[in-house]
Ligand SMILES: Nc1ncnc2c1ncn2[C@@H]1O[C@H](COP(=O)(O)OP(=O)(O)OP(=O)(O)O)[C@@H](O)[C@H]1O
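First, one chain by itself in structure tokens, the form predicted on its own.
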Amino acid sequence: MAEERFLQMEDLSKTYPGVKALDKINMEIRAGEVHALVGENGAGKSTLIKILAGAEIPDPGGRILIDGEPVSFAHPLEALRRRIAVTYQDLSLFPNLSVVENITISRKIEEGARHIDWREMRSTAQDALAKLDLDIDLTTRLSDLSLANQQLVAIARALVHDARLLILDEPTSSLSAEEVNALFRVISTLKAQGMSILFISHKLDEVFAISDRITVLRDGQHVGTYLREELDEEKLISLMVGRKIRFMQYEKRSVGKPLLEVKHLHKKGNFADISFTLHQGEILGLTGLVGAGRTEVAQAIFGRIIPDSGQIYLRGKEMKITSTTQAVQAGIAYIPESRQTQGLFLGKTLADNLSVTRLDSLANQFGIIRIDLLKDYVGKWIQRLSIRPPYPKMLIDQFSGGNQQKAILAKWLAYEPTVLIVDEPTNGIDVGAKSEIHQLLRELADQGIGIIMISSELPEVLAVCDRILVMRRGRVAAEFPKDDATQEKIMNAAILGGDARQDVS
């Protein structure tokens, strides 16, 4: 690994009103290394990325140096011109545009081009894809590609700027194991070409698999930078959170009467012959590979997808759910996988997001919101779910992923649902917040709510769920009671399938 320093940060700080997001960060990124950046949500990772990308300006007194020369970025284009490119978790691509347009558009903006030379654009895009050894049709609309290929298009876009530092923010959050391996091969190729990679992820197994060095942030401060060989997972978690945290292994409990019954649910192209029962007070895990149809089944129960055939029963009564409004009125709540695009009202406050589903109960007879009722209502949910910091007027965008997830939970729990569906409830949040979410789900189950938890993280599924369904290619491939489930059995069912379900007593 090259020892040459590409980028240095000296006493880098960032202060927002009432919050010290970064406090005198000192770290370096070497040429040709994969440098992992880890920490709990709220540790300062996103702020650091934004500063390096030119989207935020650091406090006075800190410096960024490239090849020993001080630089400053007042705009993302200035960072691009210094050959720093960022691929954000939400990709920041244009789904309605073609692959060639997505790869080259930022370069055209940087150049201030007034005319489009399509031949040049195709040549530029093709060269970028060739560097990644990819064969993707340049005319394809981006939205028609898989998430994995969209991720690679975002990386190709960085290459047209001849980037020396590529920042990957949670790049594997929506990828299957096979797609993650393909991405890692691309990263290794870029590293061999001398590019530096700053890799941000909550998935510690991936951090150990791909990184050369690991920097830990905690509460906006630089805890340390370590060679990968100097750490193991337990030590790294301890450095991140200041304490030891493991997934608590919850005991299997007795559950109540059948609550939700799904019988022979079918939707062409999505899933087929889905049947299962959810009991009162039960957490039913729904797992399998990405693309197995898990989310589509959940959306059919919630009325976002209308199945072609099959029945859904709630408390023994057949339900004809053709809209999300009907599902909510029946007592079914659904928390989607994507907080940013489907779960939150970005640009609004915590109070706005907590109260949006119950504004009717907070208004007077003239439809005007009563401030006293709103304050009490918001304060109750902040306290009940331990949302931190407890600032109702703070923009929801500024909260950590774990606290954003709590806000979404509060919004739907206010409806007092009978059935709660949570899709990847801890995706992109840190280990400490994961433990809090797990504990909260178990408490809700103890209150009699039936919970369907969709998750790709097998340790999470095994720790939290009372029973586990494994989906493969749109069908239920296996069913395991908690006591009989292992990662090996689940993966075997997810990859190879099974002729029949396991017997469940």
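Computed from a prediction, not measured in an experiment: that's the story for all the values here. In this text, residue numbers run from 1 along the sequence as written.
The form predicted in complex with this ligand exists for this protein as well; it is not shown, and the discussion that follows is about that form.
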(message) Within 4.5 Å, heavy atoms only: does residue 101 come near this ligand in the model of the complex?
(response) no
(message) Residue-level question: is residue 355 within 4.5 Å of this ligand in the model of the complex, judged on heavy atoms?
(response) no
(message) Within 4.5 Å, heavy atoms only: does residue 21 come near this ligand in the model of the complex?
(response) yes
(request) Give a yes or no for residue 52: in the model of the complex, does one of its heavy atoms lie within 4.5 Å of a heavy atom belonging to this ligand? (result) no
(request) May I ask you to choose, among 128, 216, 312, 292, the residue with a heavy atom within 4.5 Å of this ligand in the model of the complex? (result) 292
(request) Using heavy atoms only and a 4.5 Å cut-off, determine which of 402, 281, 392, 331 is in contact with this ligand in the model of the complex. (result) 402
(message) Check for me whether this ligand, as it appears in the model of the complex, comes within 4.5 angstroms of all of 29, 199 and 225 - heavy atoms only.
(response) no
(request) Could you tell me which of 207-215, 410-418, 367-375, 137-145 sits within 4.5 Å of this ligand in the model of the complex, going by non-hydrogen atoms? (result) 137-145
(message) Just to make sure I understand: among 452-474, which residues lie within 4.5 Å of this ligand in the model of the complex, judging by heavy atoms?
(response) 454
